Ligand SMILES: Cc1cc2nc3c(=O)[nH]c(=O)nc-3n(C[C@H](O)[C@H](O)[C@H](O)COP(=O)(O)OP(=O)(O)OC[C@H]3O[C@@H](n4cnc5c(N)ncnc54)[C@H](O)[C@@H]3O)c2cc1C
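Consider the single chain below, provided in structure tokens and representing the form predicted alone.
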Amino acid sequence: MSGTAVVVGGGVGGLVAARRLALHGRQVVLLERSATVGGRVARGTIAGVTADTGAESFAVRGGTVRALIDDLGLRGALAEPRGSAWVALADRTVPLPAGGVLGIPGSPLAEDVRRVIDGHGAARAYADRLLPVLKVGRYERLGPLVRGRMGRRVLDRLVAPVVESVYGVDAETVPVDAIAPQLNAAITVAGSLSAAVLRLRSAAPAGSAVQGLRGGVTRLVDALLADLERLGVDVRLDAEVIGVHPAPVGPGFTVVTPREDVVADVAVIAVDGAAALDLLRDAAPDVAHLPRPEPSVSRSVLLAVDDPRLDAMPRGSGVLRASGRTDVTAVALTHVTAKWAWSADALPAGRHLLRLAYRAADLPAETRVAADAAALLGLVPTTIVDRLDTVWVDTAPPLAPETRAAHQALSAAPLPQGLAVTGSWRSGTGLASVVAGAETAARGLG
């Protein structure tokens, strides 16, 4: 199909949407307000090597990211993660069980589950199989569901650390359908929570739940940019969009920047939630005026440390902090060079990369970061060679009630023909959701 298209936003969602529109034969202009593209897929330099500072992997579910990687010629760069995650409890640090969903175990009496929640906790969790069969109704909140069916230890020691570290939300209050859309249906069919988890796991693809790319996930952005150039997409940086106006009569849009107006037949808004709602003030005023959620702010601290003891991967690929662990401020630690062999190969012997995640923008002192790393790894403070901090601000966290309300209103709103909205706040957290959402939005425009 011929015609012109404008894509607002140069994150992965915007790049994917622009590529799909160009493949459909449209002339595409992509407008990005910053000097770089990629959004939360970003890189930085630490101790003389390049490392991912944002997304470092992608979920294999759905196969959408893998299909894109294959199309872009990156299949040979696929990397499998090593090791498994651990959880730091109040009294000990142990490996997380395998085979769960959001930390919910499918086999509560398994040895790796009992190691985390003890025999008493495992017996209580197994009682889920003995409680009245769940056949009707829906559970609204994750916390009451897990606590009521399997007990507090499963919630506090398994589910809460996973949900907080991966999604940055409170497991007690997050809606079940928002964080695990298939879980309620699986419970209705299977009759218990643990059986529902086993059912969902059996439907998941074999192998690792996530994959990466040798050299970093930012290679995906590089490949997308190269393909956009091949397809003739006009990528304009430092081009902040201040308005998207539907044509007064008939189809079409005028996209306004401080320097110029760009007229197109179709438009895709692929920016962060608050900015997207601002740009919808003409096309969907009822949605644009909805209350905004509180922004979610986090800090990633990447450390290069010299400590040969880390060669043994003492805590696998990393550690999640349970709420009872009060001596640690970081919510999670990723042992980057343990998780990704290619990263270890790029560094001198005995040198390692660690990534600590904090749920605030405040700058933690180096002594605090070193103490957190030591506590989570079970080692005395290591020698810090270099440090790289990155602050991320999400103006519309996908699981926030206000974001979900805007999402539902937008899904029901009659947008002008030829306008689509995509991005993590619409499709969900993670590259698998973002890529799938962008492909769907662009294909819908033709």
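Heads up: residue numbers just count along the shown sequence, starting at 1. In this text the structure is predicted, and so the values were computed from the model without any measurement.
Below: the form predicted in complex with the ligand, not depicted.
Colleague: Answer with yes or no whether Val271 is in contact with the ligand in the predicted bound form, where contact means some heavy atom within 4.5 Å.
Modeller: Although the ligand is absent here, Val271 would touch it in the predicted bound form, with heavy atoms inside 4.5 Å.
Colleague: Indicate whether the ligand has at least one heavy atom within 4.5 Å of a heavy atom of Gly437 in the predicted bound form.
Modeller: Close contact is absent here: in the predicted bound form, Gly437 is far from the ligand, nothing within 4.5 Å, heavy atoms only.
Colleague: Wondering, does Val241 line up within 4.5 Å of the ligand in the predicted bound form on heavy atoms?
Modeller: Residue-level check for Val241: yes, a contact with the ligand.
Colleague: Is Ala22 a contact residue for the ligand in the predicted bound form, using a 4.5 Å heavy atom cut-off?
Modeller: No - in the predicted bound form, heavy atoms of Ala22 and the ligand never come within 4.5 Å of each other.
Colleague: Pick from Ala283, Ala275, Met313, Ala190: which has a non-hydrogen atom within 4.5 Å of the ligand in the predicted bound form?
Modeller: Looking at the other structure, the residue within range turns out to be Ala275.
Colleague: Which one of Ala55, Val29, Ile69, Leu377 is close to the ligand in the predicted bound form, taking close to mean a heavy atom within 4.5 Å?
Modeller: Answer to the contact question: Ala55.
Colleague: Just one of 85-93, 316-324, 152-160, 232-240 has residues with a heavy atom within 4.5 Å of the ligand in the predicted bound form, so point it out.
Modeller: It is 232-240 that comes within 4.5 Å of the partner.
Colleague: What residues, if any, in 390-408 have a non-hydrogen atom within 4.5 angstroms of the ligand in the predicted bound form?
Modeller: Contacting residue: only Trp392.
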